[in-house]
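Read the single chain below, which is given as structure tokens and is the form predicted alone.
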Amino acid sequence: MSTETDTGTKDPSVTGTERLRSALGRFVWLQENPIPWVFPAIAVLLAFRLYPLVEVVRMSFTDMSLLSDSYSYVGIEQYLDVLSAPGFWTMARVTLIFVAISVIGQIVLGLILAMAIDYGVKKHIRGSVSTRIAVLSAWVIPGIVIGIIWQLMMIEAPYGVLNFFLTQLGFDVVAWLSDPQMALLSVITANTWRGTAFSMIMLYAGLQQVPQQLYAAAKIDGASAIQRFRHVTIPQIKPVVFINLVLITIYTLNTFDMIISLTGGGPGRATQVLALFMYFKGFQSFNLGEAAAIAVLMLLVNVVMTFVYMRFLIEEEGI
């Protein structure tokens, strides 16, 4: 129903009641049609998520460089260069070790902390809140700062924090960052410390959703604490564990800020992971095409790992 003439002036024949009814009709139409409400979210996702993803994939098929204004399409040449780069498979092995041990450490420590805090809250034990704050502080600190903090703690001299305590206990000074194996262990330790807080948050939230009646029923049936954990807790928080695994795998695989400030990828390439290799290719070698190819390979690894997690944690439950 039109309330205005073709010249833009109000039609005097249309009453105020009819104009109000028309406005209510448009409001009802907005309520019943989801497109106007989801369009802003779709636009943001297309502009800031999908378009950059498509652009990175496109760049991976070019010889684009920060040192040249022009570029050309070279097919899969950048992927072949990445896969045949010196030390690539050594970096892949280091990345696999770094991600696997970090993710397992974060899940296990996060679950232990979450259960301890959950137990403390239920028993009204003092210190539960301060424990959560202390753990969360590691999560809010930027990765660059975490690397610097751990670098200061691991100074390879008797006055270094960790070496000071070791020497007080009668041990020798440990080469935390100059020995290849100890450097990788140091990077894994720092990253696990950093990511445990996120896992603790996720798993603690999952524990709050477990019906207490299940624990009571298990106790009546004579189930021990370990049996209740295995047959009640784990199945109930499995969806949360799945989401947690996916997210911390992505975060860990993409980690380079903490590593670059802690070891810089050294000694040699002992701690150089794929994310750091991509950074060096893009901002030291200025080879954007090759850096984009590495990013696409890492994306594929993340997608594969997500399907693996779904296979073992979600599909078998029929969720």
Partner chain sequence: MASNHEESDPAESINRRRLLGLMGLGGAVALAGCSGGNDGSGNGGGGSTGDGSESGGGGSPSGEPLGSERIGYSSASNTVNYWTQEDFIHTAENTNLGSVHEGMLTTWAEEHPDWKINVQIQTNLEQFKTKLLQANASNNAPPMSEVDSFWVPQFYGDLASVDEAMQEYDDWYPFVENVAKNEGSWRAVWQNTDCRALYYRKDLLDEYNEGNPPETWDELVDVGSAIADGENMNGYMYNGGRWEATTFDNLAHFWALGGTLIDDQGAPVLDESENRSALVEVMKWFKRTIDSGITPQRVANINDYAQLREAALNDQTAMFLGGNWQISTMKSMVDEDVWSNWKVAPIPQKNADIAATGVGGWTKGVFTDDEEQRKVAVDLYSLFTDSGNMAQRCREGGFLPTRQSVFEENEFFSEDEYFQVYSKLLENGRARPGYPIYTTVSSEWQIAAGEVITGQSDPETAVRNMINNVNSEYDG
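Numbering follows the first chain given and starts at 1. Bear in mind the structure is a predicted one, so any value in this text is a computation, not a measurement.
Form predicted in complex with its partner chain: not shown, discussed below.
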| query | finding |
| --- | --- |
| Heavy atom contact within 4.5 Å of its partner chain in the model of the complex, the stretch among 137-145, 223-231, 243-251, 176-184 | 176-184 |
| Partner-contacting position among V28, A47, I35, L67 - heavy atom within 4.5 Å of its partner chain in the model of the complex | L67 |
| Close approach of Y159 to its partner chain in the model of the complex, 4.5 Å, heavy atom | yes |
| T192, heavy atom within 4.5 angstroms of its partner chain in the model of the complex | no |
| G268: touches its partner chain in the model of the complex, heavy atom cutoff 4.5 angstroms | yes |
| T95 within 4.5 Å of its partner chain in the model of the complex, heavy atoms | no |
